[in-house]
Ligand SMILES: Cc1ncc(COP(=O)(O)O)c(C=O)c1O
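Listed next as structure tokens is one chain, alone, in the form predicted on its own.
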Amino acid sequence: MAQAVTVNPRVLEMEYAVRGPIPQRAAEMEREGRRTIPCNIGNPQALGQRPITFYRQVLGLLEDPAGAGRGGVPAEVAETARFMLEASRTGTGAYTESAGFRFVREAVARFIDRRDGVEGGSGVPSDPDLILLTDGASGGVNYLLDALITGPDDGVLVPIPQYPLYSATIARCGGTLVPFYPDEDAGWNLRREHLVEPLEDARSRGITVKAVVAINPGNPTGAILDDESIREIIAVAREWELCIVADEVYQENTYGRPWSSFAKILGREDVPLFSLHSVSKGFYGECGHRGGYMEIRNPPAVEGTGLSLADILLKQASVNLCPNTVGQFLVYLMVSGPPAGTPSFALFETERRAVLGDLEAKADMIKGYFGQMEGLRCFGETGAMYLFPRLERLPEGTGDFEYCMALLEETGLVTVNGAGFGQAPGTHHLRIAFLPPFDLIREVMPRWVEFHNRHVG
């Protein structure tokens, strides 16, 4: 055996339940020839969601520009690809600016302004110079937390349950996760005291909290923050001098329910805001292409320097040279779409409505089966791509991990136990992504109902 090495203990401390012991056991089962249904991760195309036609047609021409001359390509697709290649100057195979293609950042700024109704002098326009293109939204999270956390006395206020990217990254950076607990029984509602009490407790322990994370819509809960909850977060951030990390990658996954961005509610208030979006979710589901952006507002000055935090983030991006080019191009397509009035636009709208409509219908179908399970309750509106039911009855001496592992062994359904996201003490949950095809849901859910009632009975 090779000589043992010492590794960074912070890396050893990282945990990421979405790809943890339960999905690892599922992989073993697959190797044994047993079928599994991977609902542990928001990975739509792995469960059969088809790519958006316009996106893939344009990407094909970006990678192979000569394809436009071979016929069969809609004119608007060829024109979009031609514009993108000319605007990029270098295509897909060369390094770009560290912040990403300028024309893509300008398109992101226009998208944000349209989304938030910034026109005629109302609102605050987005600034392309304060937008970084990133390898998925997680790339922006890594940059920001790497910069903010200097040691264990630096804390980040994180909603519990949370997406384990945050807990893992905080652990890797050597900081302290400061949890706050929205009210599950009230639909994961957020009040001021949910934020202030943990902040005061952290201060009493000598921890300087530097940022507050808001995932909206929520992961794993799917909860959609109302405007008043957003205002509470902004007010507390202003009073406690916190940066706001607004994880808004599921902003398309609201299924007709009201949603507001943090940038829109923030307006002209001088509070640092770092907003994240990604091509991985929404109705596009391009997870593997790793495209995203971070928009920065009111970057704070860096103590002892003439720099702002935005300058530091760009410096970090420069060390990595640039985000991947195909991801950048997909961000452009995400925020721009096909030209209105073209055949590609009509198909795009049909595909968009179909994906989002199917997702909502799948969530409703699964929640209907939940009603047949003893001691299982699911709170809040349906948002994002997940349901996070509470397990109120479990065999004595067991928790949600044992439940999810037994569910996997009996039905092949791969979920994530609630402890992997964090949860209020004394509670048990699981997260399921509502992504499988309808026929697979109809097949597996009755088996889950039968398993559940026997397991907890």
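Small disclaimer: the values here were computed from a predicted structure and weren't measured. Note that residue numbering follows the sequence shown and begins at 1.
In what follows, reference is made to the form predicted in complex with this ligand, a form of this protein that is not presented.
- Of the stretches 302-310, 327-335, 171-179, 274-282, only 274-282 has residues with a heavy atom within 4.5 Å of this ligand in the predicted complex.
- At the 4.5 Å threshold, heavy atoms of G380 stay clear of this ligand in the predicted complex, well away from it.
- Among heavy atoms of N219, some come within 4.5 Å of this ligand in the predicted complex.
- Not displayed here, this ligand is approached by I215 to within 4.5 Å at the level of heavy atoms in the predicted complex.
- Using a 4.5 Å cutoff between non-hydrogen atoms, P198 does not count as a contact of this ligand in the predicted complex.
- This chain lacks the partner; the member of V355, A137, I366, I224 within 4.5 angstroms of this ligand in the predicted complex by a non-hydrogen atom is A137.
- The partner is absent here, but in the predicted complex a heavy atom of R290, alone among R297, K362, K210, R290, sits within 4.5 Å of this ligand.
- Contact residues in stretch 229-263 (any heavy atom within 4.5 Å of this ligand, taken in the predicted complex) are D247, V249, Y250.
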